[in-house]
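Single chain ahead, by itself, as structure tokens, in the form predicted alone.
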């Protein structure tokens, strides 16, 4: 299986915040944004592996700035690392006030997807080739983030998280 460039998995999705997308304060509901983010991340993962994918995990999502009714939502998703059958996808979200013509950061997050074969079982995915400094930084941190996810999910013992422990303990 031939490795693929991170840039090849880039997805940029744009939506407009309509009244049925908002809460009583006129802000985009967090659940609606997470739904759109899941779609963008799934498209990015599928683009990387050319196979159906399912969401395995969603990391912490902190909402920095609300996105208001009538504003545009821009979601950028790109695979940051491929493991055996899973892929980590980094998402950045901006709001854009179209009338005042300014963009502002709303949030960012990491989603994890697993590629499936025709029998709906995990299948191998192509490795990732990183080129830019940002891609390298995200790639390098992905193993630590993965170990943390596995610990929190009860699939790894903290003592086995070698990369993660290296952040806290010196040899």
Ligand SMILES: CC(C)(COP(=O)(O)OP(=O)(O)OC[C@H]1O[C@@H](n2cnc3c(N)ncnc32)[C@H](O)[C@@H]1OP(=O)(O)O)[C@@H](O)C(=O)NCCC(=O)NCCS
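Positions refer to the first chain, counted from 1. Keep in mind that this is a model prediction, so the values were computed, not measured.
Not on display, but discussed next: the form predicted together with the named molecule.
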### Task
Identify, from the list 142, 51, 109, 114, the residue with a heavy atom within 4.5 Å of the named molecule in the model of the complex.
114
### Message
Among the candidate stretches 7 to 15, 159 to 167, 146 to 154, 20 to 28, which one is within 4.5 Å of the named molecule in the model of the complex when only heavy atoms are counted?
### Response
146 to 154
### Query
Applying a 4.5 Å heavy atom distance criterion, does residue 65 contact the named molecule in the model of the complex?
no
#### Entry: Partner contact for residue 57 in the model of the complex: the named molecule, 4.5 angstroms, heavy atom
yes
### Message
Can you work out whether residue 70 and the named molecule are in contact in the model of the complex, taking contact to mean some heavy atom pair no more than 4.5 Å apart?
### Response
no
### Message
Given a 4.5 Å distance limit between heavy atoms, list every residue of 78 to 107 close to the named molecule in the model of the complex, or none if there are none.
### Response
83, 84, 85, 86
